[in-house]
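Okay, so here's just one chain, in structure tokens, the form predicted on its own.
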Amino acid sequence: MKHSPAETCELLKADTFGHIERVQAGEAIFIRRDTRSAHWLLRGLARWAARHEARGLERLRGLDGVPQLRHWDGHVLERSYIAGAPMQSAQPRDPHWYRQAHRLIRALRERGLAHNDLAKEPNWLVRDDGTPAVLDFQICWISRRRGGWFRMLVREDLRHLLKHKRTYCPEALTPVERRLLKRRSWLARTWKATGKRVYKYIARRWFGYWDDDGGALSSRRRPQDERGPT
């Protein structure tokens, strides 16, 4: 995709999976993920992740608090831009923010979607109006049936939100929420004991990422916060 002469682009992130840029075209501001610059060995995986995100965003079309899909052509994904700061910068301490975030997770569930990556603080956004938003649906789970597996994934989404609440707003945790935090699913236990270690090793040694549930950031360039008008 060639840039229009009327577009101005700001690179937010570039790695082996392609690059992400913030684009302004007139009054419109949006995010563009381009997989064509991905490493040739990972180009297929990068396209799959972008295609899957496009499917997830299509399922969530019209829902407040998530990006809106603008364009997907098999190589380039464009989504709406949301004004705000990531959780690790904003550090939300208002209990009402977490109640709103909980409602957002329920709204995802009602659309048949579990996010699957809410442990990463950069995937949570505190918008300019103080409300929550969720980004990055590359590994979301899309389900037509809401069986036991789907319900477990949604509970994990909620448990990750409560972990953030425990970090920034621990005094507001209810007894029920504290019990839920202690009830890790077999999937979470298995991932922590096995898959998470393998993932971190590959991400750090091969791709230069450092991911400690605070986001996978390139050691060479950190993506900038999302700010400005939606």
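When you see a residue number, it is the position in the sequence shown, counting from 1. Small disclaimer: the values here were computed from a predicted structure and weren't measured.
Just so you know, the form predicted in complex with a small molecule exists too; it's not on screen, but the next bit is about it.
Shown without its partner, this chain lists 180, 31, 42, 169 as candidates; in the model of the complex, only 31 has a non-hydrogen atom within 4.5 angstroms of the small molecule. Screening 118, 125, 140, 104 for any heavy atom within 4.5 Å of the small molecule in the model of the complex leaves a single hit, 125. If you check the small molecule in the model of the complex, you find a heavy atom from every one of 12, 15 and 82 within 4.5 Å. Using a 4.5 angstroms threshold between heavy atoms, residue 154 stays clear of the small molecule in the model of the complex. The closest non-hydrogen atom of residue 23 lies beyond 4.5 Å of the small molecule in the model of the complex. Residue 108 falls outside the set of residues with a heavy atom inside 4.5 Å of the small molecule in the model of the complex. Note on the interface: of 96-104, 155-163, 142-150, 72-80, the segment with non-hydrogen atoms within 4.5 angstroms of the small molecule in the model of the complex is 72-80.
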